[in-house]
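What follows is a single chain, given as structure tokens, in the form predicted alone.
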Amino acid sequence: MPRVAIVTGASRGIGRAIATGLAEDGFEVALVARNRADLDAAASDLARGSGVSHSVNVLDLADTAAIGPAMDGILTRHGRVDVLVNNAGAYTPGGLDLPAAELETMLKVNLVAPFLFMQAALPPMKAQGSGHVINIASRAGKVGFAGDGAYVASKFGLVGLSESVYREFSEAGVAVTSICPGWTNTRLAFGSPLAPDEIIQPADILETIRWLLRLTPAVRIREVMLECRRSIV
């Protein structure tokens, strides 16, 4: 039976790079995102020449009530889960001036949704005695940038949640890692002071995940920081 990976935000950017790489590595991938056209295109690319069955799962992570049923469907279809990558994220600039509704949306997508995905995925991982949860956080989960307080709060929360779950499930055979990249070459990097070739690439995050998955079961990596070569605040 092939190993199964669930990747949220899999239709483009970092998520698509991760999903593509894991499919190349033989994983059966459950692709999760809210745009069906983008998901179908990603699934078509993954299926090309692989012979492995991947699934398209249309889901808006801000609709947190839909996550449990969606995960039930994914687990029923694929039969197991070996890797969960909580990658999908929302970003709206703003600190205390941000409307509360925008804060609530970011908290739902960036924190509540990963919580619910882990809530569904960790019991079967614990039962099989293996698995790896990878939460794509941000450098903003470690540094409180001025003017981005709402986003920072959601990512600090994700890093803290990851550490708690890491400590809870490590001895049960399940690894939990948060990856905290700085500026990354996606559509969200529009405010970067660096050129596209001076910042982190989606492929760098994929290769970090591949490294994590190659380590022996005796090893745990709680957190990985990826920073741009040029020094920025």
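One-based numbering along the sequence shown. Treat the numbers as computed from the prediction; the structure is a model and nothing was measured.
Although it is not shown, the form predicted together with a small molecule is what the next lines describe.
For the chain shown alone, Leu61 is a contact residue for the small molecule in the model of the complex, at least one non-hydrogen atom being within 4.5 angstroms.
When contacts are judged by a 4.5 Å heavy atom cut-off, Arg12 counts as touching the small molecule in the model of the complex. Within 4.5 Å of any heavy atom of the small molecule in the model of the complex lies no heavy atom of Ala175. In the model of the complex, the small molecule sits within 4.5 Å of a heavy atom of Asn35.
The stretch that touches the small molecule in the model of the complex, counting heavy atoms within 4.5 Å, is 130-138, out of 130-138, 70-78, 159-167, 93-101. Each of Ala88, Gly182 and Thr186 places at least one heavy atom within 4.5 Å of the small molecule in the model of the complex.
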